[in-house]
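Okay, so here's just one chain, in C-alpha cells, the form predicted on its own.
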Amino acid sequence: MINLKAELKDVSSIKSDALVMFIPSDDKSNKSSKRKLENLLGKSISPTSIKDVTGKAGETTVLYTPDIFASKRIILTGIGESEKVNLEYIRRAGAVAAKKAQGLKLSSIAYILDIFDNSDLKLDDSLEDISCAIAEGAALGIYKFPTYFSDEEQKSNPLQSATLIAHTKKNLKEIERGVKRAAIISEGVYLARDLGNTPGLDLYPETLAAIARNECRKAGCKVTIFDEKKIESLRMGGILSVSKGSEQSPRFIIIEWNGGKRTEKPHVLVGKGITFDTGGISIKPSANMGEMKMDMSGAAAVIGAMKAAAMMKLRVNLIGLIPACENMPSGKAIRPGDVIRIMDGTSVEVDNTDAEGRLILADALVYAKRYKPKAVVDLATLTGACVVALGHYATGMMGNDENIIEALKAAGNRSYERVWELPLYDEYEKLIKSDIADVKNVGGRWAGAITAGWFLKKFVDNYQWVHLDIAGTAILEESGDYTQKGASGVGVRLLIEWLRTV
C-alpha cells in the first residue's frame, strides 16, 4: 500500500514528483486560488496559462514549476463549488490527483492543504478529518489487485508515497492524526478488497480462516477457529447444511478485540462468509457467476474492520463472527424442500438453496447471544432484491434499534458508505411462513430484501441488532474515483466511523 505521511515544510523545499493544489470552481474562490498560485510561481507562470482551469470536480491540470522548487510539477485538482465541498468531495479530489500522478508514472506526491485553513474555503470539518479524507482518497484511488498478472507493468504501482503538507506546527499535529487514521483504515479496506477479489480456487473456508487469523493476530486480536467437528457439536445446522455439497469443509471464525473495560458489553460484528456461491441445487445462471467469489464480502468487511479497530486501539470491546462455507451442488447437497435446524433448534424449510446466506447467519446470530452483546451488526451480500431496490449506491439497512440505525446513517454519510433503511413491518413476516416447519427461508417474489431481513430477525434475541445488505455496494460493475470494478471493501470505513463514536 502507498506510504502516507505528514510534514511541516515550505512549499518550495518539498521534494516530490508533484505538488497537489486544490482549486474551487466558484468564481470568487477560483480567482483567489489562481492569484495565490501566481504569487507562488512568480514569473514562471502567466495568467493566460491557467485561464481555463475551471476547478470543476474531477478536473486536473499539470504545470511545471521554476527551478527554485524542489518539486518539478504541480497538479491542479478541481474540488467544485466552495459551498458544496464536503469530505466526500475532498476524498474524491485526493483520489483524482493520485490517479493522475499514477498515470504519469510518478512515485511521490505532496498535497498542499492551506486552502482548508483560510477564508477561501471554510468547512465545519476538522483539519484531521479533512486530512484523513485526502489520504484515504490517495490510498484507495490507486488500489490494484495484481496477484494474478504476469506482466510486470500491470503488477507495478508507480506511486509509492503521498505526503500531506502542514504550514504550522499546530496544523501538523492534526494532519498527522488524520493521516495515521487513514493509513490504518485503508489497510483494512485493502485487506477486504483483496479477499473479495481472490478466486474461490484459492479462497475457501480454510484459507479465509487462516488469513483472518494471521492478519488480526498481528493487529493484537485473539482469533479462534472452529472446524467442522466443533461446528457439528454446536449443532449449527445452517452452516452444516449449506456446506454439505462442497468438498471444502466449513469454518466458524471468532475474532476478539478487548479495547474497552473488562465489564463492558461487546459490540458484535457478523459477516457472511460464503467463499463461492453457485446457488447449490437451485443453481444460478452462468452469466456473471464468477462474481460470486465476492459473496464473502460481509466476512471481508468484518475482518478488515476488526484489524483496523485493533490497530487504532479503539476503546471498545469487539467480537467478529464469521460463518464460512462454500455453496456447491452435488449428490450430497441440501435440496429444496428439505428441513434443517438452526443452532437454537428452530426448524427451517429450505425452499431455495440459493438463499443460503441467511441460513449460516442464523447460526451466527444465535451464537452471538452468549456474549450478551451491547449491539450486533451483520453484513451480508444477501439479496439481489436489494440491488434492484437501491442499485450500487446505498446499502440496505434493517434493524430493531433506532439509535444504532441513526448512528449508522450518520457514519454512512460521513464515510460516504451510505445506508438506507427498509421497513421490517409485521405484515412481512407471513411471507416466510412455512406449512411444515417453523419458518421458510424465502418469501416469494415480493420484498425479497425485507423478507430476508425478517428471517434473520427470528434468530435475534432481545439484543439490539441491525442488518446491512451490501449486495449492491460490495460488488461493483464499474470503477469510481476511489473504487475499482470488483470488490469494493465496503463496510470497513462505515464500521470504523461508527465504532469511533460508540
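Note that residue numbering follows the sequence shown and begins at 1. Worth saying up front: this structure is predicted, and the values here are computed from it rather than measured.
The same protein also exists as the form predicted in complex with a small molecule; that form is not shown, yet it is the one meant from here on.
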- Message: If the criterion is a non-hydrogen atom within 4.5 angstroms, does every one of 358, 385 and 471 touch the small molecule in the model of the complex?
- Response: yes
- Query: Should residue 115 be classed as touching the small molecule in the model of the complex when contacts are defined as heavy atoms within 4.5 Å?
  - Reply: no
- Message: I'd like to know if residue 243 sits close to the small molecule in the model of the complex, meaning any non-hydrogen atom pair within 4.5 angstroms.
- Response: no
- Item | Partner contact for residue 354 in the model of the complex: the small molecule, 4.5 angstroms, heavy atom | yes
- is_contact(residue 466, the small molecule) in the model of the complex, heavy atom dist at most 4.5 Å: no
- Quick one: from 292, 172, 407, 333, grab the residue that has a heavy atom within 4.5 Å of the small molecule in the model of the complex. 292
- Heavy atom within 4.5 Å of the small molecule in the model of the complex, from candidates 180, 100, 418, 284, belongs to 284
- Message: Can you tell me which of 471 to 479, 61 to 69, 25 to 33, 454 to 462 lies within 4.5 Å of the small molecule in the model of the complex, counting heavy atoms only?
- Response: 471 to 479
